[in-house]
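Structure 1 and structure 2 below are two forms of the same protein chain, each written out on its own as structure tokens.
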Structure 1
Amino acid sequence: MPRYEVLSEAQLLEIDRGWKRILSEIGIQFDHPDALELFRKAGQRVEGDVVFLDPEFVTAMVAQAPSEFTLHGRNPARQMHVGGDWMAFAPVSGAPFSSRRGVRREASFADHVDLCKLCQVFDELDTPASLVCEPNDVPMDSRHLQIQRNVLTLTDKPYMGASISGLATADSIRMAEIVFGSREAIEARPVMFVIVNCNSPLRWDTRMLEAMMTCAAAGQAPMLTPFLLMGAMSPVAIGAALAQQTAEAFSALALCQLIRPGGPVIMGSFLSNTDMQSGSPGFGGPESALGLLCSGQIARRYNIPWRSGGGGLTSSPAVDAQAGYESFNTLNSAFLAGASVVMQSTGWLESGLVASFEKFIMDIEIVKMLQVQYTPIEIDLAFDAHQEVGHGGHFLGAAHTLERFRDCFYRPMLSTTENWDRWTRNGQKDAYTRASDLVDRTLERWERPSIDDGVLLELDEFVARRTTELGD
């Protein structure tokens, strides 16, 4: 289906002028000597820790990045195509709290396991990412090892490497080498992406740069993400935010291309607004939607894969009507914008602080709906059915209907069309309660994906050794 384009060519040119001016006149701060050295060698002007980037150099680096690539799952049938006309979906990522059957609490390792299982069961998700919630009961220093082990053993899809530090990213890559056979294997066929957030405005910090450079060097896909809440990390104007987002993402993209020419990269976007009354972030409103639509146009202009912030965003603290319409707004906008990777598609609640199991189910339903909704239509005039039924009759028993009734329409998983009497007999379960039931039933459907015993042993030995080394 076609994309929905809201910016005119003149407006796109204006935004182009904007990011070029930011890069060349204000520059980007890179808190890492290796990054500064790489840019210096590439002929860019470096003053202190600020790099002033030549727009022509940046444009050349962007053109050098692949317009599409594939991440390979442990299961060869699970591939994640990134870029081009593909859309891939990832669940909530990074939530410190979990919520299930009305209980909101610090997220735990058990929550992480169950959320990974949901990611494995639902074919709508191309990847579990990895940090579906923070397993707060696992010691911090070695937590990334347990998270990576979970996604590598409970799921068999392409996934996300750790990015809390360069060391954590290196550990992720080492674990991938164990599972996929060798460094050469994953360099030839990348298996993971790594989210790297900009310390917006206009600054990449040491920790993120180490993760980014480690990821790029290994031929995995860095997801270069300016996280912009207009009013806090960017000006309160969508044009300014888009120019800044492009400048920040492209500056990192250029660095990644210097490290590994032609290596896979994903332009990131996470653009919404600050609620200027409460000072809290606002997700799911018009600003989130416009951020998505505009970012898609910019990414297509440069023919590079891009991630949307969401998918599935809401500021609501409850899985209520607000969560329903805000989540739909961002997921639908991600479809209209043609996001290559829709992050935070399922389970995000309370501005991302909570991984909600019920919201996860609700968002899967929305993704299912939208996948049908944005499938190109085929025209069947069914003139014989009209001739058969004539005037004032009905089509329930028409031959055309009987041949097609099983799969002619979208069949909901969560939504109900029950009438009041039947709904009442069935306990007046609202969408939240029905989603709770579906969580339980879905977890029962999970099957452990097979893994070679020797590989599992080596993985566990690595995790044990590194856990000891990291001092937990």
Structure 2
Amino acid sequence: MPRYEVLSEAQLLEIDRGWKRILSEIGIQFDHPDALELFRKAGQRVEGDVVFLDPEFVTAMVAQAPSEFTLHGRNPARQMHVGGDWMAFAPVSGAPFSSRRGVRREASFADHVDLCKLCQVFDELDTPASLVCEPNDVPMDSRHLQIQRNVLTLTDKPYMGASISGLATADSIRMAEIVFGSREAIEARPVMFVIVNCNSPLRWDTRMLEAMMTCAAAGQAPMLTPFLLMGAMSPVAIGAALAQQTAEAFSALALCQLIRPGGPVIMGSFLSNTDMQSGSPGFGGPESALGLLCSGQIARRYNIPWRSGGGGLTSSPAVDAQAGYESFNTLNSAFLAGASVVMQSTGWLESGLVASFEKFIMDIEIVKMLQVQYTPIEIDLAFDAHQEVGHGGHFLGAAHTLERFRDCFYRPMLSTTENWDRWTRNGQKDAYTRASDLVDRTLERWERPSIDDGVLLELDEFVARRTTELGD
């Protein structure tokens, strides 16, 4: 479908002028000697740990990155196309708390297992990502191993590697080598992306750089994401924030291309605002939507895949009407903007602090609706039905209707069309209650995807050994 473009050519040129000035006059801080040396050898000016980048050099590096690529799942039928006309969807990521049947608590390993199962069952999600919630009952230093094992064994889709450090990313890559056969195999057919966040403003820190460089060297896809809340991590002006976001993302993209020319990368965006009364982050409002629309337009201008920062975003602490209308606002905007990868598509609650099982189901309904809504229309005039029914009749029994009634319209998974009497007889279940019930029924539908016993044994031996080495 056509993409919705809100920036004029003059505005795009002004944003171009902004990011180029930031890179060349203010520079970007890179807290890693290897990154600094790579830029120095490429002829860029390095002063201390700040790199001043030539805009022409950066533009050439951006042009070198592939405009689209494919991530491969364990199941050959599960592929995640990134870029071009494709859109891929991922669930909530990074939530330290979970919520189910009205109980908010620290997220657990069992929650992570169940959320991975939901990601496997719903075809609307192309990837489980990996950190659908933080399993706080698993030791921090080795937590990434258990998370990676879950996404590799409970699902068979492309997934997200760990990015909390270079060592964690290296562990993720080693686990992928075990499951997919070899380092050569995953370099030839990449299987994962890794989210690395800029420490905005204008700083890439050591841990993120180590994760980014390890990922890029292995031929996997770094997702280079400035996380900007206007008024806190960027100026309050959206033009200034877009210029900063582009400068931060492009500086990291250039580094990745120095490490592996032509390697897959994804430009990230996560642009919203700070509530100027409370200082709290604001998600799901007009600024979140504009950030998506503008970021998509900039990414298309440079022909690179991009990750949208939403997703079903909301600041609401409850699965209520606010959560619904804010999430629809940002999910719809991600479609209009043509996001390559839509992170936080399902389950995000309370500004991302909570992975909600019920909202996961509600967001799946929104994604399903929008996927149908934005599918190009096929014209069928059904003239034979008009001839059959004639004047003043009805089409319920027409041959055209009887041939198509099973799939002619979208059939909601969660929503109800019951009238008051029927809804009352059936227990007056609201959307939240129906979503809770659907969580249980969906988990019952989950089937463990097959994996070779020898591969599983080697994977478990690696996890056990590394868990012991890393300690608690």
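Everything numeric in this text was worked out from a predicted model, so none of it was measured. Each residue is numbered by where it sits in the sequence of structure 1, with counting from 1. By rigid core we mean the largest C-alpha set that fits within 1.5 Å across both forms.
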Note to self: form predicted alone is structure 2
After the core is overlaid between structure 1 and structure 2, has the C-alpha of A399 moved by 2 angstroms or more?
yes
